[in-house]
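So this first bit is one chain, no partners, the form predicted on its own, shown in structure tokens.
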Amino acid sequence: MKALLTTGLNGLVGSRFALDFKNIYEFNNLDLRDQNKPTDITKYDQVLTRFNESTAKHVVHLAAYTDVTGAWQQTDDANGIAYQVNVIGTENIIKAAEATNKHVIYVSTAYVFDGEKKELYTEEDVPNPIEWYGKTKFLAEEVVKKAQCPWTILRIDQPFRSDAFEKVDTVHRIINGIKAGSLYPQFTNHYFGPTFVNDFGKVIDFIVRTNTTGLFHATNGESWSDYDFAVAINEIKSLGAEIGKGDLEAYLKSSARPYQRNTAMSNEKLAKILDFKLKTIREALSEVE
């Protein structure tokens, strides 16, 4: 069993990673809710203590405040939970990693982009966040890039997993909506790049195994409109519903919060070096329970 320091292991992405690799890694998770060793990542002394106690050479930093609307309501508030967790928390992880010579694997988001590009975003595209969640994740990325320790940034978008989880992912939300007859019309002109969490866990493991550093887009590399995605789910899961069509531009006229038109990313850079093949989104959807 290889020791692995982590944050956010109880979340949508982290808990699936922990489940799939429970026989490979001995997880040392930094969590405020830990009954034995509660750790607040916004407190540097607590983070450093845990890092000093661990023999792990790698840190998988998943913990984040991901409520985009909630973050928008905190815009420019450095004392707000979004900034404290996403930026200050990451600063503390990096400082502790520098002090203990550990490799940080930071999980970021496509929301660092403004969404105006028509094609798939690549790692060469310049971030330009248009709302507070994306900005806090971008600021955290900048902290990571300046680190005096090995680092890897993995950007994902709209993660979903094969099994249902307490935090409902985009696929299970659509399935639940279809079954309840309450699914609202899906945008035909908004695009995103779904990330199959089961595959993403394998990506994290690859980075740890190979000590790969740098910036990578770690989605499944496809672009989907909300409407086409819902249609595919409806078809693959044989739900027999009629999916309504929605218009993002009409929605934006009534929304105060900025909304990216496109967050789909190319994973070509990562796919070239992986020692396994990522599933297509349709293959991933067929595994969803």
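The shown structure was predicted, so the numbers you read here are calculated from the model rather than taken from an experiment. In case it trips you up, residue 1 is the first one in the sequence shown, and so on.
Absent from the display: the form predicted together with a small molecule. The rest refers to it.
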Check: Counting only non-hydrogen atoms and a 4.5 angstroms cut-off, does Ala63 reach the small molecule in the model of the complex?
Finding: yes
Check: Heavy atoms within 4.5 Å of the small molecule in the model of the complex: does Arg33 have any?
Finding: yes
Check: Heavy atoms within 4.5 Å of the small molecule in the model of the complex: does Ala264 have any?
Finding: no
Item checked: Contact of Ser54 with the small molecule in the model of the complex (heavy atom, 4.5 Å) -> no
Checklist line | Listed residue that, although the small molecule is not shown, lies within 4.5 Å of it in the model of the complex (heavy atoms), from Tyr133, Tyr191, Trp151, Phe113 | finding: Tyr133
Check: Out of Ser225, Asn234, Asn28, Thr42, which one falls within 4.5 Å of the small molecule in the model of the complex, going by heavy atoms?
Finding: Thr42
Margin query: Only one of 70-78, 157-165, 117-125, 139-147 has heavy atoms within 4.5 Å of the small molecule in the model of the complex; I'd like to know which.
Written below: 157-165
